[in-house]
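What follows is one chain in structure tokens, specifically the form predicted alone.
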Amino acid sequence: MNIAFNDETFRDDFTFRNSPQAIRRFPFPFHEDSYMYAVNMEPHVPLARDSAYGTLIDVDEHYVAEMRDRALVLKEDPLRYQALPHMMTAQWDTLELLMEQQAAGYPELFTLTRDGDRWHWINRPLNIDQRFTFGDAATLPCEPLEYITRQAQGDFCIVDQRDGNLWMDAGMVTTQADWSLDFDIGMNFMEWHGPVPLAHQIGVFDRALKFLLNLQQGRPVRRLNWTMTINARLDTSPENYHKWGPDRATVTPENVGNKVHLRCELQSLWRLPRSNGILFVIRCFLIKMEELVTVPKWARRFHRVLRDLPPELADYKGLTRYRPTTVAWLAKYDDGAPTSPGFFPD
């Protein structure tokens, strides 16, 4: 698969864009014309090659630009990467998993060669050629989790399983939707999900925790989550709220199409083999409204979802201020026709 990588930015002048192919492969998160928070887990298995589900760890046209943005975030705030000391085995588990998946899914971009514990990793898009000893952190330029997640799209959290719960004990988090690894590190599953409205009352997280505690090795699962972002900004962290929070007041009927983005997270969860931890991959995809409405089914459906979203969810997701303007803009793309079932374009 040949991928032409975009030269683009996720800050300052926001030159991010999706090609027509990237629009069609966007993981649209609504299978019907309404939305309520749910677990929505399904097996994480490959689907159509030209979709975001074509490989289990996706690489797309935004890869190089996203890795450049991650490096900028880490330079400004090194605490976006943290790992507690007891997580070293899980770090190596994660490095192995990501290298294997990237090399298997994109052999023209990545090569992994192994001779016992002597490994050779080649990342062509980032011009990396690294020989190292698996299990010996001194043979890498940084800790194994930081090393490989500087080369993989999305955020990565490793949760340790103990005492009948899951604990967030390591992570690389630079593209998050208004939550903080520095705040959540060391918390358990219920604590870090505490702010989510409605879901606790209907038992969503109780069911999710029970499910994840029984997650099996070799059987990863996935779900979709979503919010919205003003401008194509990947780093919408609490630490940088002063940079992106005021953007919510800049939406007008004239600039909705370019400024307002649907932000979808393709979340996958993997049981790690040596540590028995769980790797939580949170891959962020962005699409601006003027790109989204080029798919008529999505334009109709997203108008209806956003229009009818429960106020508690709209407030939690930070949409309240600009939702009416966006709904009014989307309305002209909704002719009232029925939409077909499922996530994919017609």
Partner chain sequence: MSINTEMSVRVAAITQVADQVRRLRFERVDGQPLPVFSGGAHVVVSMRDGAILRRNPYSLMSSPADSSGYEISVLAVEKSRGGSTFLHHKLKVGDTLAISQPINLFPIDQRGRKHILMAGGIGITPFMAMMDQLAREDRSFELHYAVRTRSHGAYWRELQARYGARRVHVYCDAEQLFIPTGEILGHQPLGTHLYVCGPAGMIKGVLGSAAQLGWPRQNLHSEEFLAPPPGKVFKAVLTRSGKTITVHSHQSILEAVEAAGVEAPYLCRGGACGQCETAVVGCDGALEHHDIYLEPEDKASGKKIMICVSRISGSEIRLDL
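What you see is a predicted model; the values in this text were computed from it and never measured. Positions refer to the first chain, counted from 1.
Form predicted together with the partner chain: not shown, discussed below.
For the partner chain in the model of the complex, the listed stretch (120-128, 227-235, 155-163, 103-111) containing residues with heavy atoms inside 4.5 Å is 155-163.
Interface residue remark: G257 is not counted as part of the site for the partner chain in the model of the complex, having no heavy atom within 4.5 Å. For the chain shown alone, S275 is a contact residue for the partner chain in the model of the complex, at least one non-hydrogen atom being within 4.5 angstroms. Among residues of the shown chain, K210 is one whose heavy atoms approach the partner chain to within 4.5 Å in the model of the complex. Put simply, T139 is far from the partner chain in the model of the complex: not one heavy atom of it is within 4.5 Å.
Residues of 206-243 lying near the partner chain in the model of the complex, listed in sequence order, are K210, N214, Q216, Q217, G218, R219, the criterion being any heavy atom within 4.5 Å.
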